[in-house]
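So this first bit is one chain, no partners, the form predicted alone, shown in C-alpha cells.
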Amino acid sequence: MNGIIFDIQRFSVHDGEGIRTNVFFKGCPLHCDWCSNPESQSTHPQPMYDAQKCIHCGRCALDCPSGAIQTSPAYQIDLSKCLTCRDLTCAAACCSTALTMVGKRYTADEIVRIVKRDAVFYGHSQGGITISGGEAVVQIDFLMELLQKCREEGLNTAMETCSACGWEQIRRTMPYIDTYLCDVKHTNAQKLKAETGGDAKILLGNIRKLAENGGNIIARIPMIPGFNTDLDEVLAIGQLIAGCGIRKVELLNFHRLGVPKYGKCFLNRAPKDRTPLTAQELEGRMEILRQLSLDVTVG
C-alpha cells in the first residue's frame, strides 16, 4: 500500500512532546482561508512553480504529456489536467527546479525507516512521530498500516487532526495514537462553514467523542484575526474545550508564511489580508483561557 506524503520534517519540537519527525499527508476536506499548507489540500501530487527560479527554457511544457502547461503569455498550469496525470516528467525536466511536484508515494515501511533514523533522540526527549497534513484520515487505510508499524517499533505517536471525518475513522486510530493535537477553530457553525467549509456538528462532535473515549488531547486554537480572536469568541472556544475535560491548550498565532504558496500552486485565490496578534494581544487571550483552569501555551 502507498500513501501520498508531501513533506517529512525531522527534528521538529513544536508538534508533540520532545524531538519528533513530522510526516505530512496530502489531502484535506477543509479549505481554511488561512491555511499555511495549501499544497496539502488535494490528495494528488501537484505542481508548484517558482517564477524567480525559472530560466524560461520551456522544457516542462514540452515534456508535459497532458498539455497542461502554458508558458506564454504567462506561465500557467491547468490543474484539471495536471492532477489526473501520473507521469510527472515535467518537473523532472526542469533543470532549475522552478517546477517541482508536491506529493510523493511512500510505503509505510519506507516512512518507518526514515523516522527510525532519529530514534536515539526520541528516547532521550520522549519524542516520536507526528502525523500531520492536510488531514491524515483522508488516507485512512494507509494511515492505519503506518500506525500499526509504528506501534510494532515502539514509536511514540501523535496526530494533528481537524476532525473533519466520520467518527469511525478517528475511533480506528485510538489504539495507536498516544497524543491527539486537535484543532478547535470556532464554535459558531456559520463562521466555520464560511471560512473552512467544515460542519461544526462533525468537527466539534468528534472532539467531544474522542475526549469521552479517553483520548489524550491537546487542543490547538489557531488565532486568526477577523475569524475567532474576539474576546467572546475565545471565551466560547475555551468553554467548549473545558467542557470536554481537555486541559492542555496551545494557541497558534496566524502567520503569512503560506501566502506565497497560493500563487505557486495555481489555486486562483489568495487568503485574506490579516495581521498576526501582538504578544500583548496573545497574552490577553491566554488569560481568558486560564480563567477556565486551562493549561495554556503558545505553540
Partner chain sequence: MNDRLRRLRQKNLAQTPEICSERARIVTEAYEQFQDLPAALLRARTLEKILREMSIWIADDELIVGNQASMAKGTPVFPEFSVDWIMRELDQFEMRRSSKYKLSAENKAVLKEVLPKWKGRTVKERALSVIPDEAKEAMACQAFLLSPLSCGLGHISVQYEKLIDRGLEYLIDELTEKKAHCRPENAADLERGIFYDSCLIVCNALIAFAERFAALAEQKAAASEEPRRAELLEIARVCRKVPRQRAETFQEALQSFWFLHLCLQIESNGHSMSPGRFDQYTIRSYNADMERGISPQREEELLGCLWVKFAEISKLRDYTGSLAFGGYPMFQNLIVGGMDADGRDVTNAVSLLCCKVTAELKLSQPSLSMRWHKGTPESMKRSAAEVARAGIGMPAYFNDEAIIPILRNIGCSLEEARNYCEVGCVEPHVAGKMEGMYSTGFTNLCKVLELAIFNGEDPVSGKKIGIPVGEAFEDFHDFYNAYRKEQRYIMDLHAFCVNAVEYAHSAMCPTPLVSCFVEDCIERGKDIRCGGAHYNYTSPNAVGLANLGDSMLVIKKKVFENHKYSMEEMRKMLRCNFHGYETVRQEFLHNVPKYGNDDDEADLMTRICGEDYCRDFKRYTGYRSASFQPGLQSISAHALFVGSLGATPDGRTKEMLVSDGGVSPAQGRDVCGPTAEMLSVAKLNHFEATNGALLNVKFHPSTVQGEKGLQNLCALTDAFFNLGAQHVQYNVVDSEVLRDAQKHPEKYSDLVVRVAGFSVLFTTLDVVLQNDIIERTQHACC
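For the two forms, the rigid core is made up of the largest set of C-alpha atoms that agree within 1.5 Å on superposition. All of these numbers come straight from a predicted model, not from anything done at the bench. Residue numbers count along the first chain shown, from 1.
Although not depicted, the form predicted together with the partner chain is the subject of the following passage.
State yes or no: in the model of the complex, is some non-hydrogen atom of Arg86 no more than 4.5 angstroms from a non-hydrogen atom of the partner chain? Result no; Arg86 lies far from the partner chain in the model of the complex.
Report yes if any heavy atom of Arg59 sits within 4.5 Å of a heavy atom of the partner chain in the model of the complex; otherwise report no. Heavy-atom contact with the partner chain at 4.5 Å: present for Arg59.
Can you tell me whether Asp118 touches the partner chain? I mean in the model of the complex, with a 4.5 angstroms heavy atom cut-off. Although the partner chain is absent here, Asp118 would touch it in the model of the complex, with heavy atoms inside 4.5 Å.
I'd like to know whether His124 contacts the partner chain in the model of the complex, with contact meaning heavy atoms within 4.5 angstroms. Answer yes; at least one heavy atom of His124 falls within 4.5 Å of the partner chain in the model of the complex.
Which one of these stretches, 31-39, 266-274, 236-244, 49-57, sits within 4.5 Å of the partner chain in the model of the complex when only heavy atoms are counted? Selected stretch: 49-57.
Quick one: of Thr100, Gln76, Asn188, Ser96, which gets a non-hydrogen atom within 4.5 angstroms of the partner chain in the model of the complex? Flagged contact: Ser96.
If you apply a 4.5 angstroms heavy atom cut-off, which residues in 18-32 are near the partner chain in the model of the complex? If the 4.5 Å heavy-atom criterion is applied to the partner chain in the model of the complex, 18-32 yields Gly18, Ile19.
Taking the rigid core as reference, does Ser96 move its C-alpha 2 Å or further between this form and the one not shown? The answer is yes, as the C-alpha of Ser96 shifts between this form and the one not shown by 2 Å or more after core alignment.
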